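Subsequent text provides structure tokens for two forms of one protein chain, presented individually as structure 1 and structure 2.
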Structure 1
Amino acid sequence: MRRNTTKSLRAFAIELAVYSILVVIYFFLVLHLLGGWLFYLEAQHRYIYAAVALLLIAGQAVALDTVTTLLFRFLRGRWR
């Protein structure tokens, strides 16, 4: 039991570190590139902005959930 917990915590710590690196890259690449375009949309085309905003947050949710799930599975050395 304790061995499993230690293994899970270690896997989680590694996952967190890898995830943090990915998130930092994400901040500087995607958000930096999208910032100007989203600012323009918000100011000029509100309806398009609303649709894009929802698509972005939903897309990010699915993408990051998949990334973290895969990372966790990979680090634990087994597929659920």
Structure 2
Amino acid sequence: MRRNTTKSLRAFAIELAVYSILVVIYFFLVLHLLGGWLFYLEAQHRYIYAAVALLLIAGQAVALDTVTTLLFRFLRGRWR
């Protein structure tokens, strides 16, 4: 039982580190690629800006959850 706990914690730590890196990359990618457009939307079209921001948040959640789930499955399968 203790061995499984150690493996799970190790996999979780790796997953957390990779997830953190992916979030930072995503943030700077969106800032670089969409920053000017989002600033324009925020200043001129607030409702469209709100919808786009919500879609970006939801897209990030789905994409990063998928990536980390696949990573976690890979790590758990590899260390068993």
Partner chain sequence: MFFPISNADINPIYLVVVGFIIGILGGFFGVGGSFIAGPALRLMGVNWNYAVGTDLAHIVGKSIVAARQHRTLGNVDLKLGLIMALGTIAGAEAGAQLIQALKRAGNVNTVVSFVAIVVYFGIAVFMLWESGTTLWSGKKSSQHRTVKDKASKQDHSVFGPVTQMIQRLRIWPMISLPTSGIRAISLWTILLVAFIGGIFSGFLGGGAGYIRMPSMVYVLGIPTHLAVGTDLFEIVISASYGTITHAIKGNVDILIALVMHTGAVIGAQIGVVATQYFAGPKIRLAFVPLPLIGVAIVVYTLITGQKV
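Here, residue number means position along structure 1's sequence, counting from 1. Take the two forms, superpose them, and find the largest set of C-alpha atoms that agree within 1.5 Å; that set is the rigid core. Given the structure is predicted, the values throughout are model-derived calculations rather than measurements.
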Structure corresponding to the form predicted on its own: 2
Once the core is aligned, please say if the CA of F28 is shifted by at least 2 angstroms between structure 1 and structure 2. yes
Any chance the CA of L64 moves 2 angstroms or more between structure 1 and structure 2, core superposed? no
Cα of E15, core superposed, displaced between structure 1 and structure 2 by (Å) 3.6
